[in-house]
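One chain comes next, on its own, written as structure tokens: the form predicted on its own.
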Amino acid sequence: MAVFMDLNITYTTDKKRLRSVIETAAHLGYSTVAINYVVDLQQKKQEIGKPKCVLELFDTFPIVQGKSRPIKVLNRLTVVASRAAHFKPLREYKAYDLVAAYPKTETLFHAACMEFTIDIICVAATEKQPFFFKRSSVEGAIERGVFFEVSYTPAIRDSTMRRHTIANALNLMEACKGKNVIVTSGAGKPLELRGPYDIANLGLLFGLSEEEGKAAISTNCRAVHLHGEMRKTALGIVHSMKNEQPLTERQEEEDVPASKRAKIEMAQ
């Protein structure tokens, strides 16, 4: 049986409402949720602090519908950035189970795909994506194990946002071919949550196949969680580069005496 996850539950200081959203998620069959703390560094007096302890929310965590275990609650940080200086690896990031970037420019999107130490890249839902998704950038993110997020709640709230969400998602799918995509709610209240199978079907509107839609709320989310754990411990992430130089050519170079190699290099 698939394990479903919603890695974007909007944080609120209203603990009663936050508890209600998590309880609803458990009732709908989500085994894991992530409380999302959004920090917009474009605004003044915005700082990255430590997340609230999830144990403060419940004495006993609600049991997942159809399971015999309680729901797992993670902490997630989303950094809204319009300049590269807005995204610096800080010690505070390690306090979060997941770290996401919401790049506002094409340059930052490329940097997020290729350089930033993150787990998730957010795709605009409330507005038209201000740039095109370049295949090279997207493929770089996929190779690094970074995932792209499409949130569906804005599409529920407003018809204009719905058009933006669907259009942006379709543009993303053209570039990534359905790979490394997660679908989350971004819910701020219980009524904005939808069941896992409804979301898997919603994925068809976003350009995902039935299988890809199911993976976007299950196995892909699990991969994001594992990526976050490796990022926090700085273990398990290894990059290798293929040496294009033919073996015979390398052997010939190695057989040449060091003194002769030096003369050849000087002549070149």
Partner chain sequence: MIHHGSRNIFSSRHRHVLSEMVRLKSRYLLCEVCVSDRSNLLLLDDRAIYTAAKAAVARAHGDYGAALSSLGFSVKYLNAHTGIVFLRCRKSHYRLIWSALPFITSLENRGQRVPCFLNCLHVGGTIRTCQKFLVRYNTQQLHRMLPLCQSEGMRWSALFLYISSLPMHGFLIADNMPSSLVRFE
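Residue numbers count along the first chain shown, from 1. As the structure is a computational prediction, the values presented were derived from the model and not from experiment.
Absent from the display: the form predicted together with its partner chain. The rest refers to it.
By the 4.5 Å heavy atom rule, the three marked residues Q65, I156 and R194 all count as contacting its partner chain in the predicted complex. Annotated contact segment (heavy atom within 4.5 Å of its partner chain in the predicted complex): 183 to 191, selected among 95 to 103, 70 to 78, 169 to 177, 183 to 191. Residue-level contacts in the predicted complex: of R144, R162, K134, R83, one residue has a heavy atom within 4.5 Å of its partner chain, and it is R162. Taking the partner from the other structure, its partner chain in the predicted complex has a heavy atom within 4.5 Å of a heavy atom of T24. Its partner chain in the predicted complex comes within 4.5 Å of no heavy atom belonging to L208. Using a 4.5 angstroms limit between non-hydrogen atoms, L28 touches its partner chain in the predicted complex. Though the partner is left out of this view, V39 does not reach within 4.5 Å of its partner chain in the predicted complex, counting heavy atoms only. Along 196 to 215, residues Y197, D198, N201, L202, L204, L205, E210 each place a heavy atom within 4.5 Å of its partner chain in the predicted complex.
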